[in-house]
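Next up: the same protein chain in two forms, each one alone, written as structure tokens (structure 1, then structure 2).
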Structure 1
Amino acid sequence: MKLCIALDLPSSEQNLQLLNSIKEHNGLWIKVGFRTYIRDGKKFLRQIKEINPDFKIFLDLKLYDIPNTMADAAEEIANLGVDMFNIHASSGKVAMQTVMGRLAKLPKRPLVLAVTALTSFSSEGFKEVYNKDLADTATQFAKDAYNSGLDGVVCSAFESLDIKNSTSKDFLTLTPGIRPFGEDANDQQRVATIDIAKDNLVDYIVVGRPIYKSDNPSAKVKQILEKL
């Protein structure tokens, strides 16, 4: 299991300060989301690698559009040199296959994950939007992604094991909303601890607030890595 740290602070300076405080921890994955990338762009991606070239970048933009537009965007993302990015599984199999077909033409491509159900959704909230059961639909989305050639999915820890059983143990699962030691859930609904993630064979856990709100982020990262 690998640790992915969400950079969700209000400014580039604060995000860079956080990264500098944890730069001694090699092999970390760094999640760059909408706000950070829209504000700070490609320059910020370079700055991450300058702080520690061993950091891996997960660009969390959740692409969702018509197939060719998604493939165009995916190719541009690959050219940024990031290590992982994601798209929405609900964009459909044709869109996912088009993205992977485009990336297959490149000499090197990042990992591609499909978002199944956002962890901010409760079961009731998901049904209001999709008119389907959350767990069953998340698994079906994962099967669609697996059959479309993607590397894995973004899901909650509670869906990870069923997804792997329905696809492959090697099909990656990345779970946002991890509260390593039972911290507050905040705006997430389906949160989990490290122990729950381990039991469900999660490959990547995403941790944000418990690290950047800590008085000593580096010590918190060390504590999480030791637990992993």
Structure 2
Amino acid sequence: MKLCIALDLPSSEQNLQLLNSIKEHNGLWIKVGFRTYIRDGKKFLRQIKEINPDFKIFLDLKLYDIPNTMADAAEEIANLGVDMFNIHASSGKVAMQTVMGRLAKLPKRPLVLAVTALTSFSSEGFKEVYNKDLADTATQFAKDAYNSGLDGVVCSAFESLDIKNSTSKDFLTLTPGIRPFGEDANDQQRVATIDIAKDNLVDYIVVGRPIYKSDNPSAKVKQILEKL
């Protein structure tokens, strides 16, 4: 299991300061989301790799558009040198296959994950948009992503094992909502510890606030890595 740190601080300076404070730890994944990428862009991605070339970058932009536009964007993302990015499974199988087909032409490609159902959806809210049952549809989206050649999905730690059972043990799961040792849940509705993530064969845990809000982020990262 790998640790992916959510870089959600409000300025690039604060995010870079956090990275500098944890740079001695190898094998870390860094999640860069909408806000950071829109504000700080490509330069920021270069700065991450300058701090530690071994840091891996997950660009969390959740692409959703027509197939050709998604494939164009995916190719540009690959050219940025990031190690992982994600797309919405609800963009459809053709879109997912078109993205993977385009990336297959490159000498090296990032890992591609699918977002199934956004966890912010209630069952009712999901039904309003998709007119389908949330849990069934999330599983179906994961199968579609697997059959379209994607590498894995973003999901809850509690869904990870079921998704692997209905696709493959090698189909990657990346799970936010992790409180490694049962720390404060903050605004997350259902949180999982490292032990729960391990039981569910999670591949990547995403951890934000328990690290960047801690008094000593480096010590926290060390404690998590030892547990993994």
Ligand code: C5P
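Counting starts at 1 with the first residue of structure 1 and goes up one by one along its sequence. If you superpose the two forms and keep the largest set of C-alpha atoms that fall within 1.5 Å, you have the rigid core. From a predicted model like this one, the values you see are computed outputs, not experimental measurements.
Looking at the condition given, the form predicted on its own, one finds it describes the source of structure 1 alone. Taking 2 Å as the criterion, A71 does not count as shifted between structures 1 and 2: its C-alpha moves by less than this amount when the rigid core is aligned. Taking 2 Å as the criterion, L118 counts as shifted between structures 1 and 2: its C-alpha moves by at least this amount when the rigid core is aligned.
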